[in-house]
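In structure tokens, the next block holds one chain alone, the form predicted alone.
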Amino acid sequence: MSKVLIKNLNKYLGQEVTVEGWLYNLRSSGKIAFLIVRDGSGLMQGVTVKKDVGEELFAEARKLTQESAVKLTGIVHEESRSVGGYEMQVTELETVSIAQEYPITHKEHGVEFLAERRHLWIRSPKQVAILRVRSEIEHAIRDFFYEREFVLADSPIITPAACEGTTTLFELDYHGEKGFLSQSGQLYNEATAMALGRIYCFGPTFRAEKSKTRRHLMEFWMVEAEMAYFDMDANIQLQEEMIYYVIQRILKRCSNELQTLERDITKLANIKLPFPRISYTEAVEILNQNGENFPWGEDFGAPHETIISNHFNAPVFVHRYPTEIKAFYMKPDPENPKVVLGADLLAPEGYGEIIGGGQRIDSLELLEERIQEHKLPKEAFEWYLDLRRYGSVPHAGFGLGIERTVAWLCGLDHVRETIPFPRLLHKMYP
């Protein structure tokens, strides 16, 4: 007897197979019980007819409660009216465990109620669809880099120094020394890029930001790439090719999940290469034209990014931000040192920044100046300065936030649904 996933039932028409899963819903009359079963890959209707299976098995089926674990065996056939387009004519049923009264019923529940039960909420069809899309996005990114001969080089989670700023660090005691949870793998990526040429890391990062916006998490996942002998333009081109690659992959392989999420896929399908590019100065002009009275030199907040991105039907690169508001390692534009050779990619539909990147300073002297200007402890960055002392080359890189990317591609209102167990301000449970 073949054990199959629900999503593959179409390959077993007319055959007797077994599905292992959990009861999602049950409808029954006096002679027929309709068992809606889920197995993580999809939903299936199992039709249990009393005269075919006998009174004992039929009675067992009707006793099942929501989320009871079951194994159904039966014949697969097409049924357009059934969930998924296929159903099973049940011949055997094995009850693995009977669930107690399930706290999340099929009625509407508030977000706070669901968030407290996140370990159960992720079983619902919408949450399953989101997490499957997330998985496909991560696989697509890995495939994109693998096809371009990038090397995956993991960076440490515990670091001795800040990368993005000292005010949002999670501090820890490292055997008597002060350590921090990583904000970014970028500095280490620069070192491995000098060894391997083109690399990326993929892992969790931590920001102790006291923010409750729909775009922020305390712990989130980033894909960070670093490339030797890349300038800002080559960096931007790689980013847009990656995003386009991911979009095509999701449209091809996650159509059922996007349908479950009621995502308007035409907005994704209409995105073409190359993506629009505007300077920070042009972005400020857009804001002022929209009545924001935004001064040149300040960083954009979520409302500003939304206004800017609403001018485009695709992700838009905003490049050459003011030097003063960017990280110490960003390379100034030789033609205008007041701005850096960096760019952020803003997703359309108000989802804001999903990628930040740029060309790095490759001059030892200038990098030392920047470290001093930012009042950073030079001794903590001596190893980083070594990268400029021994074989420095032009190089660039970027970091993509997985959760914001998932939120955009799935059309979600909040990043808390984009990761199995979100870490929010004052919320660490479950």
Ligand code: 4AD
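Every value quoted in this text rests on a predicted model; they were computed, and no experiment measured them. Residue numbers run from 1 along the displayed sequence.
Keep in mind that the form predicted in complex with this ligand is not shown, yet the notes after this line are about it.
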{"query": "Residue contact check: Arg370 to this ligand in the model of the complex, 4.5 Å heavy atom", "finding": "no"}
{"query": "is_contact(Glu87, this ligand) in the model of the complex, heavy atom dist at most 4.5 Å", "finding": "no"}
{"query": "4.5 angstroms heavy atom contact with this ligand in the model of the complex for Gln186", "finding": "yes"}
{"query": "Non-hydrogen atom contact Ile355 with this ligand in the model of the complex at 4.5 angstroms", "finding": "yes"}
{"query": "This ligand: the contacting residue among Asp143, Glu209, Asp233, Glu349 in the model of the complex [heavy atom, 4.5 Å]", "finding": "Glu209"}
{"query": "Heavy atom within 4.5 Å of this ligand in the model of the complex - residue from Glu224, Glu257, Glu136, Glu240", "finding": "Glu224"}
{"query": "Stretch from 387-395, 61-69, 28-36, 357-365 whose residues place a heavy atom within 4.5 Å of this ligand in the model of the complex", "finding": "357-365"}
{"query": "Residues within 4.5 Å of this ligand in the model of the complex, restricted to 317-338 and counted by heavy atom", "finding": "Tyr329"}
